[in-house]
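Taking the form predicted on its own, here's one chain by itself in structure tokens.
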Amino acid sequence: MRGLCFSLLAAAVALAAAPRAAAQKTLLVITADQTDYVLAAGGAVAAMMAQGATGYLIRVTNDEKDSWDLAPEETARRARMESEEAARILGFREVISLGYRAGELGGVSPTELRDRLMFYIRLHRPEVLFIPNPYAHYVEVLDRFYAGQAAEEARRAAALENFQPPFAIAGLKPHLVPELYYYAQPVDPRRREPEGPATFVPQPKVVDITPMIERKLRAAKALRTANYSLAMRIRQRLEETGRRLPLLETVNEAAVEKLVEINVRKLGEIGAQGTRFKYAEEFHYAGPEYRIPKSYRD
């Protein structure tokens, strides 16, 4: 085990010493559902791909429950098409859909999900990985927790040759991802507080997405089925509590798109609070020096 730890340490030190240019990087984004990564990280990933990075997106669930007055099969069909359209707008090369049922990842073997994600890490060998933050508070969609937890473990396991040896037989060698971004929508009031020393705990990082805000907005608007569902459910909640929102008196395409625009811009403004940016996204970031004490690097 000691030899293995030092081998990983040496590899990480080498990666820290020789980072690749953005134009040469491969980017892998894992998302539990179609909307989460767009709203929480769409601007940052679009910026990387605009600079030349090659991007791959993994959708863990098929989003078959996120609709209004549609059957699950039709919802899943539309969600896949619209997810691929949003990914194209952001700049992804490929979308990989794993096809798990939405809202039911709690019943899926964590090892199964980890190994499927690890397969794609070894296949595409990304330099940058974006995953849902499984430590984020007040996240009601528990699929994001399960997907983030499996993705975090997959990132570690992908670097160790004794995880899934048959992958290596098929030519998929171990791979260490040097940069890891944990993303979540900014609902936790303590989200920017580091939970420990910088060497050993991913640290808060704010990324300027102002140049990418219009692209992010177009991608978010492409998720039409989920957006209509959101608008209808907001109106339903308002009606049940005796309130009203003029924007949603009539839920049509214009009203839904306006709702999406307000949401995307407000999230960007929240992310930019305390910075010089107009719009930003927040992450917890583990870079090439993560878990390498300064004494080793000096």
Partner chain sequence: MRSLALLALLALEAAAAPLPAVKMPSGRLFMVIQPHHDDHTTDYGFGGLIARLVDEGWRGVYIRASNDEKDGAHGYALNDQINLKECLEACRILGIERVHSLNWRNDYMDPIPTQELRAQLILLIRLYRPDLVLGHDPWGHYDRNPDHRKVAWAMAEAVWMAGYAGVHPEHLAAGLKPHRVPYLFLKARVDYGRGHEPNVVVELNESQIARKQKAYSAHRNVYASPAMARAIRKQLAAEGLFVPELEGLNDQQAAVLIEEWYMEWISRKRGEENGLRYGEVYWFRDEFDHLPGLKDYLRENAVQP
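In this text, all values refer to a predicted model and were calculated from it rather than measured experimentally. Numbering follows the first chain given and starts at 1.
Beyond the structure shown, there is the form predicted together with its partner chain, which is absent from this document and is the topic of what follows.
- in the model of the complex, does Glu112 have a heavy atom within 4.5 Å of its partner chain? Flag for Glu112 set to no.
- Message: Contact with its partner chain in the model of the complex for Val141, defined as at least one heavy atom pair within 4.5 Å: yes or no?
- Response: Val141 belongs to the contact set for its partner chain.
- Message: Residue-level question: is Pro194 within 4.5 Å of its partner chain in the model of the complex, judged on heavy atoms?
- Response: Contact check for Pro194: yes, within 4.5 Å of its partner chain in the model of the complex.
- Message: Please determine whether Ala40 contacts its partner chain in the model of the complex, using a 4.5 Å cut-off between heavy atoms.
- Response: No, Ala40 is distant from the partner.
- in the model of the complex, the one of Met49, Ala272, Met232, Leu247 near its partner chain [non-hydrogen atom within 4.5 angstroms]: Of the listed residues, the single hit is Leu247.
- Ala53, Arg77 and Asp208 all contacting its partner chain in the model of the complex, non-hydrogen atom within 4.5 Å: Not a single residue of the candidate spot has a heavy atom within 4.5 Å of its partner chain in the model of the complex.
- Task: Sort through 141 to 149, 164 to 172, 87 to 95, 210 to 218 and report the only stretch with a non-hydrogen atom within 4.5 Å of its partner chain in the model of the complex.
- Result: Residues of 141 to 149 come within 4.5 Å of the partner.
- Query: Heavy atom within 4.5 Å of its partner chain in the model of the complex: which residues of 115 to 137 qualify?
  - Reply: The stretch touches the partner through Pro134, Ala136, His137.
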